[in-house]
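The form predicted alone is given below as one chain in structure tokens.
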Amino acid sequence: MPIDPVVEYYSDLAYGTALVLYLLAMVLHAVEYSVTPVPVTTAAGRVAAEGNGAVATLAPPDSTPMRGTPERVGRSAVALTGLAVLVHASSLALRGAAIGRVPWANMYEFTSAICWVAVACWLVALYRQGSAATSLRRLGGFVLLPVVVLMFLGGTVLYARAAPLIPSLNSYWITIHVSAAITATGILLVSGVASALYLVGAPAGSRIAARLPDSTTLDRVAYRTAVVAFPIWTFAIIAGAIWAEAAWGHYWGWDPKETCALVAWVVYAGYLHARATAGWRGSPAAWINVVGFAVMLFNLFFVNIVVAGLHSYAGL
């Protein structure tokens, strides 16, 4: 099928627009985070708390303007993020229409799709929080930061013009296997950010941690998103093995990408087990989750770009 340069142009335009909108939303989330009052401990509260063996933190005196400003800015950031997701989705759809195939056949397209899934997952998690969304919303800037970085790299260093599928990818399995890998990776990005912030907020008395959601919320977001992503990642590995047998004549050849994907699976299995095991909950489990996402990033960039193997199809 011939490439439609006009549709490709509008796809790239939508991609750049989405990136700008994500950046603006991230800035608004940063403003919300910075103007959110930090809980303080009063002398009376400290004396009463020390009598019970704890330290109490009391909110600052009622201040309607200060309380209203973070709320308005945060809601604006979420609305802008929602608009960016729609524009981003149109970029992916137009990319596919320009060449008549799924829009995730090279590193530029793959990274773009991962970022879209990550932000969509974040918005769903925020929506499901209901009344607790105000606290969780302050995670928005931290979720959008890696998305903005990845999309910037995708639009510059990793960018590739729309082109037909190379022979090794010209299979219906690219729709099944790769879409599952994209979905799992995007969801795990949110999980990894939540666990990283859990570890940042672990030291008591940190001013950074004071504005973050409480550790229980961060732990819950990290765990629930990982629970959703893990079976999808499992399916992606199984589907990849079936595709490998059809394409190369064997289910598993210990290709670098296959091996790294299996390592990531083992680490996440360890995280889910640790999270459910007494004595490993909290920081130890969070560290395992962060290591798991680091392995995913290593697999995405280093293995695809640097290491030679059967999966070296970055299109750079």
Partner chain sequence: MNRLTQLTALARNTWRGLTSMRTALALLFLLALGALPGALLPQYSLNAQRVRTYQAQHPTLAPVLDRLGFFEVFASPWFAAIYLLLFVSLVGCVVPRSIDYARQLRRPPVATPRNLGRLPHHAVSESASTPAEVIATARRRLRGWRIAEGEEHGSVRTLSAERGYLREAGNLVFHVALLGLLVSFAIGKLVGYEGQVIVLANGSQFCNSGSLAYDSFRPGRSVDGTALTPFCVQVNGFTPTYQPTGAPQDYRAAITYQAPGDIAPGTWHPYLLKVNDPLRIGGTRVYLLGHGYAPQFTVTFPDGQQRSAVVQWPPVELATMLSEGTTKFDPPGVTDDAARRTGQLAITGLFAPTAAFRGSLLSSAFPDMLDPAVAIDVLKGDLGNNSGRGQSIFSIDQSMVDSGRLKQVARQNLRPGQQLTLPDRTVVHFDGVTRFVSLQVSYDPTQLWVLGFAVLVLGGLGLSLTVKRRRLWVRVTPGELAGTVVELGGLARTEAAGYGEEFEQIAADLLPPGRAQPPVPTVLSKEGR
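Positions refer to the first chain, counted from 1. Owing to the predicted nature of the structure, the values given are computational and were not obtained by experimental measurement.
A second form of this protein, the form predicted in complex with the partner chain, is not displayed here; the remarks below concern that form.
Comment: the partner chain is not present in this chain, but in the predicted bound form one of 253, 68, 282, 37 has a heavy atom within 4.5 Å of it, namely 253.
Checked against the partner chain in the predicted bound form, the residues 89, 238, 160, 79 give one hit for a heavy atom within 4.5 Å, which is 238. Stretch 168-176 is the answer when you ask which of 81-89, 111-119, 168-176, 145-153 has residues with heavy atoms within 4.5 Å of the partner chain in the predicted bound form. Not displayed here, the partner chain is kept clear of residue 31 by more than 4.5 Å at the level of heavy atoms in the predicted bound form. In the predicted bound form, the partner chain sits beyond 4.5 Å of every heavy atom of residue 9.
The closest heavy atom approach of residue 290 to the partner chain in the predicted bound form falls outside 4.5 Å. Under a 4.5 angstroms non-hydrogen atom cutoff, the partner chain in the predicted bound form has residue 246 among its neighbouring residues.
Here the marked residues 15, 22 and 75 all miss the partner chain in the predicted bound form; none has a heavy atom within 4.5 angstroms. Contacts of stretch 213-245 with the partner chain in the predicted bound form, defined by any heavy atom lying within 4.5 Å, are made by 220, 223, 224, 227, 230, 231, 234, 235, 238, 242, 243, 245, listed in sequence order.
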